[in-house]
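First, one chain by itself in structure tokens, the form predicted on its own.
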Amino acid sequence: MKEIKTTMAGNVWKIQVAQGEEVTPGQEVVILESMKMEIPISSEVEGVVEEILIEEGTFVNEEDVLFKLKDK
């Protein structure tokens, strides 16, 4: 199973994909807020969102798993 992880700590401001949606490398999947800046997090892998492990408004740490993907 493929995973999308965060590259930095911050608050989840906006989730930009839904369960069952296909994602491609480079696609923005979530926007974090950190130090009053919006930081987009992009997928590094291709797949279909099987599970969303975060909620908007929650805090995530660097390397936390945000989404689990399955192959198309």
Partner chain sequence: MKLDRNWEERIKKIESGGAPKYHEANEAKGKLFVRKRLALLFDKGEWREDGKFANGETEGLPADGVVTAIGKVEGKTVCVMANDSTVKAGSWGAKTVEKIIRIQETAEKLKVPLFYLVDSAGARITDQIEMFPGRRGAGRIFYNQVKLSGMIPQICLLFGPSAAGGAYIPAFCDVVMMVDGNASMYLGSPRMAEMVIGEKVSLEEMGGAKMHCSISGCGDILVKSEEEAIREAQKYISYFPSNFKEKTEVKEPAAPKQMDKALADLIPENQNAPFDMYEFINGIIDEDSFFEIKALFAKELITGFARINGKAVGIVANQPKQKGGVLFHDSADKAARFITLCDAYHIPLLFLADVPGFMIGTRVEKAGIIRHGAKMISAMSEAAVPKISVVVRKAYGAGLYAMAGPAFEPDCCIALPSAQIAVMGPEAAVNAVYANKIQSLPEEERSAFIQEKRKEYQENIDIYRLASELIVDNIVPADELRDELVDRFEMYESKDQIFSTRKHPVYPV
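Positions refer to the first chain, counted from 1. Every value quoted in this text rests on a predicted model; they were computed, and no experiment measured them.
FYI, the form predicted in complex with the partner chain isn't displayed, but the following is about it.
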* Asked: Pick from Glu50, Glu22, Glu56, Glu63: which residue has any heavy atom within 4.5 angstroms of the partner chain in the model of the complex?
  -> Glu63
* Might Ile39 be said to contact the partner chain in the model of the complex, defining contact as any heavy atom within 4.5 Å? -> yes
* To do: Would you please decide whether Met1 lies within 4.5 angstroms of the partner chain in the model of the complex, comparing each non-hydrogen atom pair?
  => no
* For the heavy atom contacts within 4.5 Å of the partner chain in the model of the complex, list the residues of 18-36 involved, in sequence order. => Ser34, Met35, Lys36
